[in-house]
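Next come structure tokens for two forms of one protein chain, structure 1 first, structure 2 second.
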Structure 1
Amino acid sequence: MGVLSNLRICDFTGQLAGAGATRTLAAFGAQVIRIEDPVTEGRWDILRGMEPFVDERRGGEFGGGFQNHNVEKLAITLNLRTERGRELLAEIVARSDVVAENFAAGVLARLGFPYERLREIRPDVIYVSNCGFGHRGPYSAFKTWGPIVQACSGLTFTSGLPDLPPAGWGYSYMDHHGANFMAFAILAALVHRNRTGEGQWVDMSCTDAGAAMLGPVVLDYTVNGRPARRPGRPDSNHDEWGSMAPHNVYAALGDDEWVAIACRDDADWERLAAVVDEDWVRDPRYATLAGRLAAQADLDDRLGAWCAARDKFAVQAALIGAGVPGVAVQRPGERIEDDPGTTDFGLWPWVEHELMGRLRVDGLPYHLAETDWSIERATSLLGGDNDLVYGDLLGLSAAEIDDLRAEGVI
């Protein structure tokens, strides 16, 4: 029983941008009923069969990302190509506070359930659509994916090394950001309904969610006329505003081992110099920020040589002990398995999946003292909660549910 246990969500979301939003609400107790198509075995969500895998087994029940993004949800199948399937969806909507989806614009409407129809079924329903460009404007019909959203929003252009093409982000981090906005939008609409009794359509654009991360870049361009990529602009490992030096990631002892160090001011530099305690740190050029910035390449070389001879965690311990912002660049396994902060904060809880066994999944990066989140239930198999939802929620008998299966409705 979580703080949102009075909330029911009729959930058509998938991938990351949508499924991540309803996952957060489920962790706080919302009943999320994830609806999938039995004909295609849920494969509109490509994460179902996408790596990583726990072993040699492949298929729609073994996608690691899908498992991670659908914990704490109920899973049902429903064939909306059938009249009976559409009738059952109407009954679920009538009992739901929220209908959430991240199809391309207009897909749910073409399935027979535009916002107007949803509102006929339940006048105070909250409908949240989350697509690449939203349902309004000249780009609404365009199809997107995480890297496309990042490129169009302007984020990709900000990432890369000087004199080289934009590097992009590779992975769809933008989808996670869009999921956070979607969860916030659902909660905001619920607050409004609690105050007024009114539902509404929340139209989201994931591309605009990406553009919302460009605040300093937009300010610099609109006020100063300076583009994000320009001659003399530091790469992303250095402080782009010239207020910190050293400010970089340095190779440490071993293969592909690294340490991040950032000196905020002259006092930080003095503490770092005391830890290093070699003749070169007493170079008078390094005594001031202006001097360190002017000689930054030389400073990076010397500090890099010092780090390269030392274990990254030993460097981390020495710098933290001296009060200098510095930390080892951790591999995922080091952060997940070896860092005591993981256990103490509960960032990656364990769940027991019916086929894959015991798995770690993402937790949430915050804790509420009185109404905290909980993730204990693994993702159900395709249609694994059909009997529960159609029986307990809609009141169908076991024989009626069997008939739905035989008729291809579920």
Structure 2
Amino acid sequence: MGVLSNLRICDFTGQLAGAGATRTLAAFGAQVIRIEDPVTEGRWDILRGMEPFVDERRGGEFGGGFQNHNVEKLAITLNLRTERGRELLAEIVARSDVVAENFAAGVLARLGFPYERLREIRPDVIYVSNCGFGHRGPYSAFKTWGPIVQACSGLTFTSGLPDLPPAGWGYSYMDHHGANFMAFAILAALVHRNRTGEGQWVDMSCTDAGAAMLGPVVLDYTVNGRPARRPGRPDSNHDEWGSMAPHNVYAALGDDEWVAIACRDDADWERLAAVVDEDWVRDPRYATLAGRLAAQADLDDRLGAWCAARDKFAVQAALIGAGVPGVAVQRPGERIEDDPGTTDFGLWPWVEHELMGRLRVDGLPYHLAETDWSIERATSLLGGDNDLVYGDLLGLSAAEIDDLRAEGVI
């Protein structure tokens, strides 16, 4: 029994930008009924059949990302092309607090369930639609995936080094945050509903959310007239606002090994200088932030040379030990297996999947003292919870459920 165990979600989400939202709520006990199309075997969610794989087996039950994003949810099938399928969906909606989806804008409406219809069925329903450009505005029909969202919201541009193409994010950063803002919005809408009795439509546009994450950069333009697109920018390993120096990623000993070091103030610099303890650190130019910024290129060269001769974790131990933010750029295996920052936090829970066996997945990055999250259950196979949902929840008999299967409704 979790803190949200009275909450039921009629869930059409997929990929990460949607599935990641209902995953969080499921980890707190919400009953998330994930609805998939039996005709396409749920392949609308392309992650179902995509790498990573635990072994040589392939197919819709073996996508590692899909498993990660759908723990603690129920899996049912429902064919909305059929009249009976639409009737059953109406019955599920009537019993649901939330309807969540991240189809392209308008898809659920074309399936027969626009917001007005959902509200007829369930007057206080919280309907959350999540797509790249939202349901309003000239680009609402445009197609996106994570990197497009990041490009169109300013996040790709602001990640890079001078005179090079944008580096971008190297992953679908905004799929994570599309999901995270979506979870926040669902919870906020529940707070509102619990106090007022009123449901609503939450129109989540991932590009809005992305653009909202660059506030100070926008203000520098709108107040100071200084665009981010200007020579020498972006320069995102240095501090954007000249508040810290040194502040960079430096090569460490070994192949493709790196450290990141930031001196927040002159005191940090003095501690760093004591660790490095070479003649150059006593250059009086470096004593003040203004001096270090003016000589940043030299400073980067000299500190870089010091780092290049050292193991990245040795640098981390020496600098952290001295109270200076200076750490290894960790590879996945290092931060997942050997870092007490994650392992002692219990960040990688295990689930048992019917076909794939024991799997580790992402946990949630917080603990609640009394009603903490729990991730123990892998998602069921396609349609694996049909009997539970159509039987226990909707009250259909085993024979009726068999008929639905035979007729291709589920």
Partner chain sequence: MATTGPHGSPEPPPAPAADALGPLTGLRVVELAHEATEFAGRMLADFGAEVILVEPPGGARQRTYGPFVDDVPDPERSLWFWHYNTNKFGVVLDLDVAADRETFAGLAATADVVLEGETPGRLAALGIDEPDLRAANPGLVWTSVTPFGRTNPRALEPMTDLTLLANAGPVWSCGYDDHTIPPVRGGGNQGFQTAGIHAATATLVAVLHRDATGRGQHVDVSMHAANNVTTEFATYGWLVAGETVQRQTCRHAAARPTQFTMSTDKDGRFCPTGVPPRAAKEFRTLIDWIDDRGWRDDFPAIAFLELGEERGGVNFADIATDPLVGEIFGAGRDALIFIASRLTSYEFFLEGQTRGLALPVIYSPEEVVEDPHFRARGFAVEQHHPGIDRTVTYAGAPVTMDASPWRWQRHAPTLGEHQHLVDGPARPQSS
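What we label the rigid core is the largest C-alpha set whose atoms superpose within 1.5 Å from one form to the other. Fair warning: this is a prediction, and the values are worked out from it, not measured in the lab. Numbering for residues begins at 1 and runs along the sequence of structure 1.
- The form predicted alone appears here as structure 1; structure 2 is the other form of the chain.
- Once both forms are fitted on their rigid core, the CA atom of Gly215 lies less than 2 Å apart between structure 1 and structure 2.
- With the core held fixed between structure 1 and structure 2, Ala167 has its Cα displaced by at least 2 Å.
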